[in-house]
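Okay, so here's just one chain, in structure tokens, the form predicted alone.
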């Protein structure tokens, strides 16, 4: 599929974003293991979360839709069920890692079907992503995990078994790995401590606290205690995904004369690193009507176009905006001076090698990018010349290039744009409702 983005005049209006992807994943898997019916309003309906729901269904969990509310019948008493089909995670590493943690320590879920083993598999793209960072701590807890083809890559076989709590220091901050360990820790004997080199997203901790799970927390460390009972059902309204909001936000900053309002966006401080950096560059973004639900801050964002100055992004800021670097690069294109990103080697382990792929596609439209092992630099402002770029199957790269097309002298064609439906199915129509020209 090809998406064409054209130069546009000012963007105006207000929109609501799709529900937060990270919270949707976590809410679904916790609801599946709860005792009773959970209702999740604002759940993200996209390819990346659909594979989570399909995997839960394959494990015997019933769910349905009531308009925009996901209703999950928790299997807290009976647990997940092994069957002849693998739990297929598509391109979703989040689904794979969270399921790995949840399945590892529950021997009562083991049945005669498939030898009591759950098979977790995914797309060809996911099969190329090593899972050692989550396998290693789970095995240290006593989890029985079998590599079926390439070592430490999907597909993996997981046999629910008795596990013990551990104290684990993560070599790299990762919310997904941390969450997998915490989910396993709910069923371990003894408490489980996870320490990180820098803070990562804390959606799992916030949801667990809201469900009454005992956690001891300090900066860069969290200890979870086993619960010995099913979780209570969830009643939650999920705010809009800040990572999705980043695309219209940057678009409104760089398209002259724009002013938009993004309604009910999640404002978790571990997610809004992009906002802090853009404000340092001079971005006019105001927070309106802040509130909190299930421990998660939320609010409206008013965004106005204006000049941007270059900056340096490094250290802990990188973790707090790890998913936003493709669209941040578009903001850097329009900023005055040299913007430098460093300490971001983790970008090479995303859906694609985001550093090399992003640099390659930006060069096609006239942007001088200097690539480094752990980041890149861009000197702006640059006039984008249009042409044709490729998403390389990376949804965030595709949407970032579509935003760049809004200030391009000639139309910008994004090949492989079907991957956008993985996280933001109505991206083009939402942008067009603000005045963009995408088709």
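Computed from a predicted structure; not experimentally measured. Positions refer to the first chain, counted from 1.
What comes next is about the form predicted in complex with a small molecule, which does not appear here.
Proximity of residue 320 to the small molecule in the predicted complex: non-hydrogen atoms within 4.5 Å are absent; the residue sits far from the partner. In the predicted complex, the small molecule sits within 4.5 Å of a heavy atom belonging to residue 175.
None of the heavy atoms of residue 159 is located within 4.5 Å of the small molecule in the predicted complex.
Residue 94 belongs to the set of residues with a heavy atom inside 4.5 Å of the small molecule in the predicted complex. Of the candidate stretches 208 to 216, 141 to 149, 289 to 297, 320 to 328, only 320 to 328 has residues with heavy atoms within 4.5 Å of the small molecule in the predicted complex.
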